[in-house]
Structures are given as C-alpha cells and as structure tokens.
Ligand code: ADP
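In structure tokens, the next block holds one chain alone, the form predicted on its own.
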C-alpha cells in the first residue's frame, strides 16, 4: 500500500473559492484503494459549515515556536465519502470569515500551515510516502523537508509532487518577512532557490525542491515554459522540463450527471437529450424572465468575471452578441465593471439577457442543462472545469484554444462532422465573435449536425478515472529508485567508448 497525502488550502465540501477545491476534494476518491491510501490535510477554517465542523474528531494538539510566539496547533480528523481528512486547527490564523485575506496575512498563515502540517505528521499514526502539494500556499513544504525536518528519521525518503493550478498566483513577498516567518537561512534566498526579482517566492521554492511538478493540462504544461504564460518562472520550468508533466483535470461524474441532477426540471441522458434540454431551457427562461422559446439560441456563462476569463473581448462585442435571435445567461461575480456590464445589458434587453451576479451551484447546473452553447474565451486557462461540465450536459463550448480548453474541446469540422464544440486561436474580439456567429449559424441551419455533436459531447469521458490512472503512474515513477549502475557496467561502457 502506498500512502499519499494531499495538502491544500481548500477542498470541497469544506471550503471552496475556485477549481483547486474541486480537484482536491474529488481526485482522491478515484485512486485504486487496494494500492493507494490517499488522504487530505487542510486548515480548519472557522468559516467551514458547522454541520461539517461538528463531525471532526480531535486527535492531538501541540505547540511550535512561530513568529515570536508559542503557537497552538490542533489536529482533527474526519472521514467523508470514504476519504480521511485531517484539519490543522489554529483559531489565531483560521478564525476569520474567509479563507483568504490580504497577501501579508496569507503569507504568514500559510507558512505556518506548511510547518504545522509537517509537524503534525509524526503524531497522527500514519506516514505518507508522497506529499502532494497544491499551489503556492503549500510551497514551503518541499523546502522544509530539505531543511529543518531533514534531521528527523520520520521524514527520510518522503517524496513530494507539486501541482500548479494557476501559475499567476505565487505567494510573493519581501525576503526579510518570509525568511523570518519560515526561519530559513540566507542560503535559500538566492536566484536559484526562493529569490525572484528581488522578492521571496513561495511557489518557486516548492518548484525548486519538489521531486516532480504537475500542472492541470498538457497544453498548459507547454505554455508555462514560454515567456508569455510563464509569469516570470518560465526559465525554471524549462530547466525542470524532465520533471514536469501535464495531467488534465476531471470532474465528478456522479455530481455532474444530467440523468440524476436534482437541480433540473427534467433529468436526461444522451438518448433523451433533445427533449430534456428543451424542457430545461423553457424552465430557465421562465425562471429568469426571458422570452420563452425553446428554439432560441441560448449562450451560457458561469465564471469569475475577470480579464483572465476573456471578458474584455465580451465587453467589446456585447452589442453583436445581444441580437434578437440570441439569449445570454450570465452567472458569477468579479470585477465591478463586468458586473455592471451585464447588469446594463440585462436592463436594456430583459427578454434576452439575464445577469445573475452571484454564485449558486444549483443555478449553474440549470444553465449547463438549458443552454445550447457555453462561452469561455479565456486569455489563459490552466485547465478549466466549466467546459467539462458543459460537455457533460450536452452544451457545446465556444472557447479560445489555450491550456486545458485546447486539450478538452475538439473544434467542429463541418466537412467531416467531427468535433465537440467551437474554438478560435487568437485573443481577438472579432475572431471570438466570428466563432460565436459560426456556432449560431450551425445551430439554426444545420441542426442535425449540432444535435449529433451535442450527443457526442455528452459521451466524452472527462471523469477523474482517467486522470487518477495518470497520477498513479506518476507516483510509481516517483517512488521507483533510480537504477544502480554496477562498476563492471561502467568499465565496459568506458572501454566501448574508447574503442
């Protein structure tokens, strides 16, 4: 049995602000349980629902010296959906109403978290063979294993895997502050370790000292080795190319299942898709006050409303998108200017634009089920989950060819009939609009091809099963010792070379 510990700052169902939580909460369930014991460790935030907090069981507590204080650390555990979760308790650091705050406070509390996680391991009666770290909040775990924890025999030969979910977020602060919080020597704050552009970078530390690096799609793994996508770390990632692999994310097919989704008026599968989507579209139009016409081309957006997600392109083309033969349904929050953009057009065209400026899981499922197309024109997208959900519900994605969007959406070819959506290559508003128009023409004038493609989209397999097998292969590789070269082999190789 191989033991793997996921360490992360968030995880469904306990706390979620983004796709990281979905990955950490879903992926462990899909490993082969006869070969892998995968567990998860995260902070015990006060903002976790009481119904979940009440099920946590106390294991132990201890104190460590941190930031000039003798700091309390509690360790709790619970089992959820067959997975064991550990929680690091410190009301001083995790007692706020949100998991994250300003960067200065986050730097302090996640350095504490990294140290607390490692300090707790010898006390919980279970030793991981691999610690799988996720994003910058866990960046110092590989560094600490190389430094202050190296002298403890418990930690000998524990390997690490580090997953980049979004390279843009790196945990950067001044060197003095991070050095003092982490209690690391000046040795670690050079340009080949934690220092980057005259600051200390927690993510960089993790990438330098981990045994393997993964990211959440094959294309993104290649993109981040370039200057445009590399966020200042492309040189390091090129240097570690042999230890870098892209494994596309999946989604929980039990949770995102249109045949059993309680949020839908009419559940459906690939065979009953046409009737099911038609009924759900009428229901959503009625609920949102849109014109009730099941034949109107409906585009959905479920997203953070930020530049990264391509909303500057959408802003430029809203007049063209909001045509009488098109309905647009938006769900999400983000930058004020984009929230106001959609509110304005919803007020101007109430029969065909709906702006739901909040987030609701049931509403997102209704949008995936009711819409014909799903717009996702991201500037960059490490993997993306929304396009996988829309495929699952037979809603064809319209995406830019970047990161995981390129890996998961096959563009429609009208000559062969192949494809699972529509895509455009350049980050250009007119190119996006041309692709939307092409999708709309296909919907209205070649409905048989559209319906065939929608059924094909539902039949795609982006469940976690495929990804879990790839992670298992990666873990096997990490735990396999390098081959020992016998002296005779070395001498033979030398003599052959001389000949």
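The structure presented is a predicted model; accordingly, all values stated were derived computationally and were not measured. Residue numbers count along the first chain shown, from 1.
The same protein also exists as the form predicted in complex with the ligand; that form is not shown, yet it is the one meant from here on.
- Of the residues given (304, 127, 278, 238), 304 alone sits with a heavy atom within 4.5 Å of the ligand in the predicted bound form.
- A heavy atom within 4.5 Å of the ligand in the predicted bound form is found for exactly one of 74, 171, 332, 246: 332.
- Residues with any non-hydrogen atom within 4.5 angstroms of the ligand in the predicted bound form fall in just one of 141-149, 118-126, 378-386, 409-417: 378-386.
- Contact check at 4.5 Å (heavy atoms) against the ligand in the predicted bound form: all three of 20, 308 and 358 pass.
- Residue 90 falls outside the set of residues with a heavy atom inside 4.5 Å of the ligand in the predicted bound form.
- Under a 4.5 angstroms non-hydrogen atom cutoff, the ligand in the predicted bound form has residue 364 among its neighbouring residues.
- Contact check for residue 85: every heavy atom lies farther than 4.5 Å from the ligand in the predicted bound form.
- For residue 256, a non-hydrogen atom is located within 4.5 Å of the ligand in the predicted bound form, even though that partner is not displayed.
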